[in-house]
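In the block that follows, a single chain appears as structure tokens, in the form predicted alone.
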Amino acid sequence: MKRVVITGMGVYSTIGKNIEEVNDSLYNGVSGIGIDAKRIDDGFRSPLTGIIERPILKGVLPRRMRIGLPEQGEYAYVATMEALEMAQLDEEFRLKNEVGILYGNDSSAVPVINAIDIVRAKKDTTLVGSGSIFQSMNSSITMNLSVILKLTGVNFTISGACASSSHAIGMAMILIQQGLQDIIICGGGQEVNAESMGSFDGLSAFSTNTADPTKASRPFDRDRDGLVPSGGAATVVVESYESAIKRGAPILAELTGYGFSSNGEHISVPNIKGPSKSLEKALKYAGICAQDIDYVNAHATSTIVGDTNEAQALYNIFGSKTPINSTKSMTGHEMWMCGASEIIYSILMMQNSYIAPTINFENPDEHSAKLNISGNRIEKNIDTFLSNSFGFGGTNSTLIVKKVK
């Protein structure tokens, strides 16, 4: 099978609008969490959310390309342009060569709500607008970016709840290993608006620790009381090693393992068996053992049950020595985006030899006390890391990435 490497990455998130800003936030333990006053007005149980500005694309993209982009599509466009520049994939190259796109996305709430509001009020579907359908579909990001970027390779969206973009990278890895594609733009996008979070808020899954929003997301901490929703977009360029060498592209890291599983039990309550299986599959795929992993980026969202069960799965495989953190302590839960963004966060740590702090990890519980988790930044060389992403429906994805020496 062909070797698969990452040659570009870009991010637009609550802790930074580009790679440089995000690395600075990770290194210094900066939180991107705040209060959304609209959620208070709308009767939400929790007004906590990742805080992010929508990019201004007027003057960057023509109107006919902007009208089909929903909120998360705008984030994805900005993140992807940063990744393409880093990977040295300009339009001239894309026009002459087959480049694909696989992106994780599992909702597009506001365009759907707006369209229904117009139809109910006006009784005239022609007033919905020509861009509405292209903003409304789960495949909105891939359909828009494939046209904007003039891509001619594989082109579809993976909807796997909060493991969507991790699965997208894993599937890209398989397609390239099999020789079916040479270059695939991968990533995940997540809308941050209140409308998309209303039903989720109703499940009482969100933290209500509003006294200090930066303290609300507390993965693995004994006093955690729920996740904080967040979002943005993250893009990586996944490419065959031979293609990267031929192009003279920068090689940032190598993808070596992909594991996946389904819990086969409760739709929203995770178990231990499913994530463990995903971890074991990824290690087997990479042909390494748990002791070869220098750092684990946990899924750990700050929910009571989710963190408890992941901690037990991680302990069963890694024991107490391997350093583990959760970058969601700073970003909140980036959902459809988190699989891709956490690969980028981890590559930044690998490039700069540190493990970002799990901020707000102050009092371990029974299970997290057995793991090597720190509330402080650790200076450490990382050659190989593992990243977990789990989602509703019991979908699990694990990726293993190593440094190319």
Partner chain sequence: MTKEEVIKKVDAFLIDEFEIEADQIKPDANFKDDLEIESLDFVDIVVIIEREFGFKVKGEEMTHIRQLSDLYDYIEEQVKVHS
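Small disclaimer: the values here were computed from a predicted structure and weren't measured. Positions refer to the first chain, counted from 1.
Omitted here: the form predicted in complex with the partner chain. The next part is about that form.
Student: Do all of Arg222, Arg224 and Lys277 end up near the partner chain in the predicted complex, with near meaning a heavy atom within 4.5 Å?
Tutor: Negative, none of the three is within 4.5 Å.
Student: I need to confirm a contact call. Of His367, Arg66, Arg377, Arg39, which residue comes within 4.5 Å of the partner chain in the predicted complex, counting heavy atoms only?
Tutor: Of the candidates His367, Arg66, Arg377, Arg39, Arg66 is the one lying within 4.5 Å of the partner chain in the predicted complex.
Student: Name the residue from Lys123, Lys150, Lys96, Lys321 that puts a heavy atom within 4.5 Å of the partner chain in the predicted complex.
Tutor: Partner contact (heavy atom, 4.5 Å) among the options: Lys123.
Student: Spell out, yes or no, whether the shortest heavy atom distance between Leu127 and the partner chain in the predicted complex is within 4.5 Å.
Tutor: Taking the distances in the predicted complex, the answer for Leu127 is yes, it comes within 4.5 Å of the partner chain.
Student: Just to confirm, Tyr315 within 4.5 Å of the partner chain in the predicted complex by heavy atoms?
Tutor: No, Tyr315 is distant from the partner.
Student: Taking heavy atoms and a 4.5 Å cut-off, does Phe200 contact the partner chain in the predicted complex?
Tutor: Phe200: no, not in contact with the partner chain in the predicted complex.
Student: Using heavy atoms and a 4.5 Å limit, would one call Tyr285 a contact residue for the partner chain in the predicted complex?
Tutor: The answer is no: Tyr285 has no heavy atom within 4.5 Å of the partner chain.
Student: Exactly one stretch in 80-88, 128-136, 306-314, 160-168 has heavy atoms within 4.5 Å of the partner chain in the predicted complex; which is it?
Tutor: In the other structure, the partner sits against 128-136.
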